[in-house]
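Only one chain is shown below, in structure tokens, and it's the form predicted on its own.
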């Protein structure tokens, strides 16, 4: 009996050792893909990542935000496999490669309770530079305007400034926010606030009941449809960025993100798929 007991114990120990090292071996086989950057792209990249993982059992996709500048910087430094930038690359970034996965626009937003339905380009400039300080000056309530601006390093800020011909030092903000969700929450929580965020994000949140409205720009409604037909004047590409020609897992992910297999995910985020 002692002999059989010893054999049984030995067998259990062997199985335990195999299980420990076998599990460790399985975990070591998991490949991790890191994406960092644009908060506009991040929710879409996360959804694409989930679908990509379902097709690649040993892959984990890690999506981190921090703004387009971080995405470009991390890709260049090798801190991320893929950067996310919700804008085209600048001249001094052309050493990198960009892959457009979708299109988006930037919309000025107000609280839904604000009676103002439209602002001219000059009125927006004057509000953001502190020349117009009350909604009464543009046909609204007799209330001070709360100017919400984006933080440095956000592509939305850069494109907004470029379109309106402003320098960030000229802007007189009351609130500085990071991502689109912060901007929307700020405007929802303050009936006298004005901000600007992704058209896709704003249209989606409005459809889910957020108390915001998207203002037209130069007479063109801020909508995903007008981004799609290229009539909206303030639109942008949503790019994945690498420091060299992608290979391996990064190449597979970028090709997947640019394929018709994810068009439904792009449209669910209220962005526009690019022609394939």
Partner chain sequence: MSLSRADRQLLALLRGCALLSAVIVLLILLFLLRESWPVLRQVPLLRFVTDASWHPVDGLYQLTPMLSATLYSTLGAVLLATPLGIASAVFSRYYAPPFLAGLYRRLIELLAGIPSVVYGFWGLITLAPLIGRLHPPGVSLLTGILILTLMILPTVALTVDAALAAVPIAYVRGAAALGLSRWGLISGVALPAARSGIIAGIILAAGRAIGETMGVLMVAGNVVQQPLSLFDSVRTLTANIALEMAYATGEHRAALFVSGLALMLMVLVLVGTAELLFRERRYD
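Positions refer to the first chain, counted from 1. Not measured: the values here are computed from a predicted model.
Below, we refer to the form predicted in complex with its partner chain, which is not included among the displayed structures.
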Of 189, 115, 165, 78, the only residue with a heavy atom within 4.5 Å of its partner chain in the model of the complex is 189
In the model of the complex, the residue from 159, 108, 177, 119 that sits within 4.5 Å of its partner chain by heavy atoms: 177
Work out which of the listed stretches, 241-249, 58-66, 208-216, 226-234, brings a heavy atom within 4.5 angstroms of its partner chain in the model of the complex. 58-66
Is residue 144 a contact residue for its partner chain in the model of the complex, using a 4.5 Å heavy atom cut-off? yes
With the partner left out of view, is residue 173 within 4.5 angstroms of its partner chain in the model of the complex by any non-hydrogen atom? yes
Mark residue 140 yes when one of its heavy atoms lies within 4.5 Å of a heavy atom of its partner chain in the model of the complex, and no otherwise. no
Is there a heavy atom of residue 152 lying 4.5 Å or less from a heavy atom of its partner chain in the model of the complex? yes
Taking the shown form as reference, are the C-alpha positions of residue 176 and residue 269 brought closer or pushed farther apart in the model of the complex, with a change of 3 Å or more? closer
Explain in one word, closer or farther, how the Cα atoms of residue 41 and residue 110 are placed in the model of the complex relative to this form, where the distance changes by 3 Å or more. farther
